[in-house]
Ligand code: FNR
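Have a look below at one chain only, the form predicted alone, in structure tokens format.
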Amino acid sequence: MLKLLFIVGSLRKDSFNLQLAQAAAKYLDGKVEVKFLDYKDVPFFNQDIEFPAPPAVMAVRKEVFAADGIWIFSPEYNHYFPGVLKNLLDWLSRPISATEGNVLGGKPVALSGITPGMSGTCMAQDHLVTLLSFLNMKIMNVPRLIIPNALTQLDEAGKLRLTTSEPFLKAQAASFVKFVEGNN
């Protein structure tokens, strides 16, 4: 069974992007194994502590290495992706040792994002594509999912309830499974 690792670019409890990732996981239930990456304990990148890597960094590298594909769900902050996600990607981009490369090269990756703003997450995703391309990841450029106006898709309790965006998330989930299968 394929193993997909979900990375949510916001550490906020119940963030819209976490809820979007949880919805995607429901669509994939029984088709693939989905795991959410917990990276809240990863320290700021600092070459002074790079070798040996801190335990939290070793743990996330192990999760990424074991995954067949990575799906990133990220908000957009000031037309960019969040600093916590950049920090994680910086750690993951570094060589594991003098003889081993990084864990991202060649990994299939998909991008999705939701935000309360009107522009969606297109700028953040474009910046992510630039970075992930440089890191030699296999990016599924079509379809990418950009959901603006998140507040229009909330239930009475303030939780995300996809309406107009639901078919697009389902289509992206199905496409990503095929993309990962074709790249493994």
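Each residue number is its position in the shown sequence, starting from 1. This is a predicted model, so every value here is computed, not measured.
Keep in mind the form predicted in complex with the named molecule is missing from the figure; the text below concerns it.
A residue is said to contact a partner when one of its heavy atoms sits within 4.5 Å of a partner heavy atom; Thr115 meets this definition for the named molecule in the predicted complex. In the predicted complex, the named molecule sits within 4.5 Å of a heavy atom belonging to Ser119. In the predicted complex, at least one heavy atom of Asn78 sits within 4.5 Å of the named molecule. Within 4.5 Å of some heavy atom of the named molecule in the predicted complex lies at least one heavy atom of Ser15. Exactly one of the stretches 158-166, 171-179, 21-29, 6-14 approaches the named molecule in the predicted complex with heavy atoms within 4.5 Å, and it is 6-14.
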